[in-house]
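The chain below stands alone, shown as structure tokens; this is the form predicted alone.
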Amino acid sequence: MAITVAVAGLGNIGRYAIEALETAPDCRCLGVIRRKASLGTDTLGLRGVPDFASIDDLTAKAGRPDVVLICGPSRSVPEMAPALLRQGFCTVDSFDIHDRMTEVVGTLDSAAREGQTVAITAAGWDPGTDSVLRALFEAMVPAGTSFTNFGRGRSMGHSVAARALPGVADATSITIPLGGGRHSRLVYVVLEEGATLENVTATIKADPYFAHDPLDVRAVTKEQLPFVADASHGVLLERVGASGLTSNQHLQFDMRINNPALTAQIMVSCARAAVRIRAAGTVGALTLIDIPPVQLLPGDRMANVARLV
């Protein structure tokens, strides 16, 4: 029987989530939850999937989903996810504010236990699958140093954060790796009328998303922004250290990807895992390092063991 899924939000990740659900052999998208004013627009992005103004409307007209994919900004997750969890829905989100992770896991865990359901949070590629690789690297090389080098590419979380700031009509944030796990941020902004680049730069620099990295803010027109808003991204993970008493172990993982497409695919895989975990009698909030990888894959467990182990 197909896993039924609702998509909350039709931004960058929401559009790709619909596509990922369309190709998943064991999932079916019941509909998209959007702002009432947006209903009926962007039919190309909806790909024939109906849209609704609330989870209640969706449930009444399309049925109750097994999982809700929260595809809005990270800062909306701590408010949106608990409300859904308390109603008994499993949720999956790609919350990406690293220094708030334990706080958000705790908040979602409490709500999930109240609703007797499962939340999978930070279900993107970083945090997310990169977190799993960092954990595996430490298991392989317990004593050592790991470096996570992002980019060059567009950070969705940083872009959304910049767009929400006063004086910014639109923005794209590009992550530039400096090596050794250090990064700089290049933010292209379309200024609101009356806003100055100096004031907007100071506001962006003060935001927690940007406060810890070198920052370059450049003003562009709304016509120029699409030409610098490339969705490509990537990561180079490295760990150098020792396995037991043997040193000079060097591990690497390198990928170049379309950022929202990969994030959405991981969320759909986690929807599958959430349903299986709940069916096994476990409730609460989990991250990807808590989940056996086989739970993310379609098909029979032993068939996947035979194929992959």
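No experiment lies behind these values; they were computed from the predicted model shown. In this text, residue numbers run from 1 along the sequence as written.
Keep in mind that the form predicted together with another copy of the chain is not shown, yet the notes after this line are about it.
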property	result
The single option of 135, 169, 229, 219 touching another copy of the chain in the predicted complex, heavy atom within 4.5 Å	135
Candidate from 205, 98, 75, 86 lying within 4.5 Å of another copy of the chain in the predicted complex - any heavy atom	98
Listed range touching another copy of the chain, judged in the predicted complex by heavy atoms within 4.5 Å, from 137-145, 183-191, 209-217, 169-177	137-145
4.5 Å heavy atom contact, residue 12 and another copy of the chain in the predicted complex	no
Distance check, residue 165 to another copy of the chain in the predicted complex, heavy atom within 4.5 Å	no
In the predicted complex, residue 53 touching another copy of the chain (heavy atom, 4.5 Å)	no
Contact label in the predicted complex: residue 28 to another copy of the chain, heavy atom within 4.5 Å	no
Within 4.5 Å of another copy of the chain in the predicted complex: residues from 219-256 (heavy atom criterion)	243, 244, 245, 246, 248, 249, 250, 251, 252, 253, 254, 255, 256
